[in-house]
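Below you will find one chain, with nothing else, as structure tokens; this is the form predicted alone, and questions on how it binds or moves follow later.
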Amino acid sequence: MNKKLIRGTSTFFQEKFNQTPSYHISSPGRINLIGEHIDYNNGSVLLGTIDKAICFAISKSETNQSTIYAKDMDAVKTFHWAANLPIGQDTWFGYIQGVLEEFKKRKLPLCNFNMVFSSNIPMGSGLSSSAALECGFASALNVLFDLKLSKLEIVKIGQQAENNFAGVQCGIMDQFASVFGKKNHILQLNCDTLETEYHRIQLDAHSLVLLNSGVKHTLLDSSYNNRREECAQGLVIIKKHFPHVNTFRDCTENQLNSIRVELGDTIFKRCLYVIQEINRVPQAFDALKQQDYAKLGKLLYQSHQGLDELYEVSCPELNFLVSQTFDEPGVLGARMMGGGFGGCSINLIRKDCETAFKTKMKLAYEKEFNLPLQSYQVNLSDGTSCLLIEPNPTSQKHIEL
């Protein structure tokens, strides 16, 4: 857990509620090394949770109201936990409501509570702050009311909150990463079966660096849901011609090419990207295991090209960030990351080139777009975790979620 973030959140809680919180929950953001838009298309993805997170401080309320402070946004909401409130009036509170509604559906025993949350995940950066908010809040309720929900149930509550209340028809990837991440490991998740395989990442002389375009995306306002619908339409047509195909995992490029006219140009491109990206993921995982970073870098570039030209979810700023790396010394690969339409690029570079790379990219980007460029080196962390606050104010202990 980030000690500075915890201290700030806890101090704010004590100021507002005149008591010490019962629990701290840390819910991290995530990177997806490769496999973008594949989770809802039954493929596999390569995930890691990072050392940027949302911290929650929570205790039971002694009144008939719940109060939540969004510290960074200088916002507060007071309500009864069981009340039927209008959904989606505020972005952050819409996610909170979504999680509460999923708990209500399950008839879980809740009471009113007091909570503060604060974050160092850059919002709209493609690092999945929404999944961190959903799963962190669900985990906070789980430990506070001793509901004994499994980690997978927390993941599904977070996904369903995003689907049903935020209106984004995301797959399970972001929530799964936020809860099941493991320090210094990349997780390969089969989004069809939910089978997992961890690999301890050994970058040695290499680094993963994120460049934040500063172009903030909201997936609900973007064409994210449209892409999912286009893929679903394509799969219906594919199955009509090839009944043995259950998911895109079972479809080949040759089969797709044979029905290109019926698919139409747009749906054909969407399906072609999905099939190619599904095939790139296991290649990338093998490259990581073999420490073949040159091969991994090439796959990252191929992924970006597909996201830009076939899936059409990139933007000029992200394309510029990736294209600037083509002849940059020490850069092995780069691509846009996240749902698209803004956010970060992820870059695989040699550590000895990192400082010069960041400086050069910052100058070039600001000159081209008159926008600031922030960079972050990625450190892989554990997934959602909880601290129990003991009666002794200096005593804390980790508890299993």
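One rule holds for the numbers: they count along the sequence shown, beginning at 1. None of the values given here were measured: they were computed from a predicted structure.
The form predicted in complex with a small molecule exists for this protein as well; it is not shown, and the discussion that follows is about that form.
> Using a 4.5 Å cut on heavy atoms, which of 155, 115, 170, 231 is close to the small molecule in the model of the complex?
Among 155, 115, 170, 231, a heavy atom within 4.5 Å of the small molecule in the model of the complex occurs only for 170.
> Heavy atom within 4.5 Å of the small molecule in the model of the complex: which of 339, 48, 43, 333 fits that? Just give me the one.
The option sitting close enough to the partner is 339.
> Have a look at 58-66, 34-42, 353-361, 368-376 and name the one stretch with heavy atoms inside 4.5 Å of the small molecule in the model of the complex.
Of the options, only 34-42 has residues within 4.5 Å of the partner.
> Counting only non-hydrogen atoms and a 4.5 angstroms cut-off, does residue 224 reach the small molecule in the model of the complex?
Looking in the model of the complex, residue contacts with the small molecule include residue 224, since a heavy atom lies within 4.5 Å.
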